[in-house]
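Consider the single chain below, provided in structure tokens and representing the form predicted on its own.
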Amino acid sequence: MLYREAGDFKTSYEADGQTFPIRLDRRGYYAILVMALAVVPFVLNDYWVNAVFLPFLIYAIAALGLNILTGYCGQVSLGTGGFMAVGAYSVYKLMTAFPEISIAIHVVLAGLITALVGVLFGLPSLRIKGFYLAVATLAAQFFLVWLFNRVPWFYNYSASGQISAPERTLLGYRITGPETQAWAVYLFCLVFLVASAWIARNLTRGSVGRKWMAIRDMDIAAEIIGVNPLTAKLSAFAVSSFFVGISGALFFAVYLGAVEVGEAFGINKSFLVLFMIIIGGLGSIFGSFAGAAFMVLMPVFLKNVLVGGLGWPTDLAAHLEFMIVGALIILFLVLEPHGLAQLWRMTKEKLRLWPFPH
């Protein structure tokens, strides 16, 4: 009654295999997209953009990248923060060296540079996996942070060691620097998120995605049936690092404006994105969105309800946030390893059969 596909007939394999085969899902997707593009920009204010929408959009791109590597290809990575730093410092050097080029091109180029770095640090995955690969990517995290801290060329020999985004415009609207328009930066990040999700969805549903999942499930069997582990693993690192680099570039240039690498892209950032895909769901595009939304909205909710509404101390609310995240990670790993995405799939299946027993 509430969620049906009765009368929704398919006449081709393409129609049956599309991302949203049920008409109601497609209508809901288009409704959300129209609302995000045509309604939300007109009701935004600076608080909602800086506290909710920009962090969600940027972290969702990072979660997409890590989910491709860990969820789809099975390669554990703890270096997400370091690769975000590569994207941030790449876009900074490009913005200062080529001020006449569009900021959108700079962000894409920063993603490509990060993809090259990701392939370089992904080479150990050809010989090691599991815990040892996690340690290798953790070493990459610390090395990249150390590199950007110790080599003055990366921060243009600034005395403070920080990098600050120059003012840039796109189509006459300020995207970076002081006094940016809230709706403009929101739409700028939204376009990158929609494009990233579209690319990720098509890759994971195609032959490339099937190779990644074959390597994830059993790499020896995948190699026996003809999957090249070299191209499969390195392509996963490249695509993942590309998305993570874009998120790092947006995080620095559009969201923060000025960063210091140790504070903005430390190991905590890597764990934060990892927690997003664990809670949201490994191997799921929707899980990347759900995990990012949860990790962004929960601190805002606790701050407004507990601190603003009930008068709790700020530090107590922060400790409660850590406790909730830790408890949820344990619960999801034990009870539902596929996270919020699987709960959403189960809910839809129950709605399809309701009110009949199943």
Partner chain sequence: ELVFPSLSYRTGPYAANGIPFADGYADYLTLVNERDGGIGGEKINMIECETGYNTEKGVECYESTKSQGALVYQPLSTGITYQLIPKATADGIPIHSLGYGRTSAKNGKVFSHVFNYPANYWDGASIAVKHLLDENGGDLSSKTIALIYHNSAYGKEPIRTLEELSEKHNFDLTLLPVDHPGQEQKSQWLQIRREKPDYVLMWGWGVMNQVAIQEAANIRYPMDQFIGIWWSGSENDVKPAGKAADGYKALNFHAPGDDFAVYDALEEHVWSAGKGAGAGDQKGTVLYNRGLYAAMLAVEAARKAQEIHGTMQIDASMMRDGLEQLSMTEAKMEELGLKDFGPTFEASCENHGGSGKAAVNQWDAESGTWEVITDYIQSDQEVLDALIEEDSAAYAAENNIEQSCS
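Residue numbers count along the first chain shown, from 1. Worth saying up front: this structure is predicted, and the values here are computed from it rather than measured.
The form predicted together with the partner chain exists for this protein as well; it is not shown, and the discussion that follows is about that form.
- Query: When the partner chain is placed as it is in the predicted complex, which of 186-194, 108-116, 284-292, 173-181 ends up with heavy atoms within 4.5 Å of it?
  - Reply: Stretch 173-181 is the one.
- Flag this candidate site as yes only if 44, 94 and 169 all have a heavy atom within 4.5 Å of the partner chain in the predicted complex; otherwise mark no. Contact check failed for every one of 44, 94 and 169.
- Quick one: does residue 101 come within 4.5 Å of the partner chain in the predicted complex, counting heavy atoms only? Result no; residue 101 lies far from the partner chain in the predicted complex.
- Message: Does any part of residue 27 reach within 4.5 Å of the partner chain in the predicted complex? Heavy atoms only, please.
- Response: Although the partner chain is absent here, residue 27 would stay clear of it in the predicted complex, with no heavy atoms inside 4.5 Å.
- Query: Can any non-hydrogen atom of residue 255 be found within 4.5 angstroms of the partner chain in the predicted complex?
  - Reply: Yes.
- Task: Answer with yes or no whether residue 37 is in contact with the partner chain in the predicted complex, where contact means some heavy atom within 4.5 Å.
- Result: No, residue 37 is distant from the partner.
- Heavy atom within 4.5 Å of the partner chain in the predicted complex - qualifying residues of 310-348: 314, 315, 318, 319, 321 sit within 4.5 Å of the partner.
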